[in-house]
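Just the one chain here, the form predicted on its own, laid out as structure tokens.
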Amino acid sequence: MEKKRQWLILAMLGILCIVVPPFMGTYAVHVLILVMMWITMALGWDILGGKTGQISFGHAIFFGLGAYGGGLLFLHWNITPWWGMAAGPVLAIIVGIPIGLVCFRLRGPYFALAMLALNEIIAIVFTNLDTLTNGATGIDCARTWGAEKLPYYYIALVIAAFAIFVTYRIQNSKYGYYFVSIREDQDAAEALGIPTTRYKIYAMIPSAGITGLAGALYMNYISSIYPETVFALEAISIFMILAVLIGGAGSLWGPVLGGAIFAGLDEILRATIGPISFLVFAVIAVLIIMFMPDGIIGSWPKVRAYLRRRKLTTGSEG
């Protein structure tokens, strides 16, 4: 019964996501596009960071490669960047596999620092390879639908739904259980005969691909990309982690909720307090780690139990 109710709620939310946006203003639709984009990015990061326990500070690598997958097609061959929706994720996966083969030999903070360093190295390479990437000048292309935002929203919605579906399938498969075993105790997983490096690579493939897909969407929606923007450590890599922390790592709906909250909150803070919004997010992250270490989704059963006890206590006193 509980499962049927959950699916009913999801179906209703899906219908609202399809039906309501045409009646919303342009800016509201813009925010919804960002929400869907961040949900996709959070889900992509969580496959590797939340489910497999490989905390990556360099996922902007895959976002940037996804964006440049379409941008390079347009720059060199004048091919529409929409082909980047296929080329971007493929490029992210092709680069992600050798990165994994090297970095997955490291554990814990060493892996995180290696990914952070690679993020900065690739950003520098793309900034200086003028003949290939147009360097710091970036790549500009005309938007397919001009100022119209609804088509981009529905594409973003389909991509987010696809990311949710892939994550759900992984979470309920043999691979998902192996990922969790690696996260919980890699030595024990290896003792049980699980080839941990191989399964980390298996986690890297959908993680990089989904993140690259979000980057390809960004290229088509914004229509201009620069290395310092799409490979940004703070605005992409760190914010992905914060989005997952807010919702709850390792679950299906934690990154979805976290991505939605983060995108909306980020837009509000940017409009009100500007560049110091990152400090606000840092404070939020500290508070969540202190009081809700499992994120909103993970901590909700404890919060509900606490509220129930408070209600019973108040009722008995009355």
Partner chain sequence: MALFGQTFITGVLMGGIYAIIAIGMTLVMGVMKIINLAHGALMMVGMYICLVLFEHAGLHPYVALIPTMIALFIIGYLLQKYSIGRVSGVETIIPESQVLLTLALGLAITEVIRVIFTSNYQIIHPALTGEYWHLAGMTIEIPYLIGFVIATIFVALLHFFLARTDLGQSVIATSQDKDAAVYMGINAERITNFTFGLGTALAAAGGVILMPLFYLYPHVWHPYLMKAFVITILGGMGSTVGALSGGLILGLAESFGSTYWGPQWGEVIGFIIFLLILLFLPGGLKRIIGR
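What you see is a predicted model, and the numbers here were worked out from it, not measured in a lab. Between two forms, the rigid core is the largest collection of C-alphas that superpose within 1.5 Å. Numbering follows the first chain given and starts at 1.
Although not depicted, the form predicted in complex with the partner chain is the subject of the following passage.
Trainee: Any of the heavy atoms of I55 lying within 4.5 Å of the partner chain in the predicted bound form?
Mentor: So I55 counts as contacting the partner chain.
Trainee: Considering only heavy atoms, tell me if A249 and the partner chain come within 4.5 Å of each other in the predicted bound form.
Mentor: Although the partner chain is absent here, A249 would touch it in the predicted bound form, with heavy atoms inside 4.5 Å.
Trainee: Consider W253 of the chain shown here, and say whether it contacts the partner chain in the predicted bound form, taking contact as heavy atoms within 4.5 Å.
Mentor: Answer no; every heavy atom of W253 is more than 4.5 Å from the partner chain in the predicted bound form.
Trainee: Can you work out whether I261 and the partner chain are in contact in the predicted bound form, taking contact to mean some heavy atom pair no more than 4.5 Å apart?
Mentor: Taking the distances in the predicted bound form, the answer for I261 is no, it never comes within 4.5 Å of the partner chain.
Trainee: Between the options I155, L118, C141, V166, which residue brings a heavy atom to within 4.5 Å of the partner chain in the predicted bound form?
Mentor: Only one option qualifies, and that one is L118.
Trainee: Could you check which residue among I94, I79, L106, A86 gets a heavy atom within 4.5 Å of the partner chain in the predicted bound form?
Mentor: None of the others qualify; the residue that does is L106.
Trainee: Tell me which stretch of 131 to 139, 210 to 218, 158 to 166, 239 to 247 has a heavy atom within 4.5 angstroms of the partner chain in the predicted bound form.
Mentor: Of the options, only 239 to 247 has residues within 4.5 Å of the partner.
Trainee: In the predicted bound form, does each residue in the set I124, R183 and P293 place a non-hydrogen atom within 4.5 angstroms of the partner chain?
Mentor: Judged in the predicted bound form, I124, R183 and P293 all sit within 4.5 Å of the partner chain.
Trainee: Pick out the residues of 256 to 280 whose heavy atoms come within 4.5 Å of the partner chain in the predicted bound form.
Mentor: Sequence-ordered list: P275, I276, F278, L279.
Trainee: For V280, state whether the C-alpha moves by 2 Å or more between the shown form and the other one after rigid core superposition.
Mentor: Yes, V280 moves 2 Å or more.
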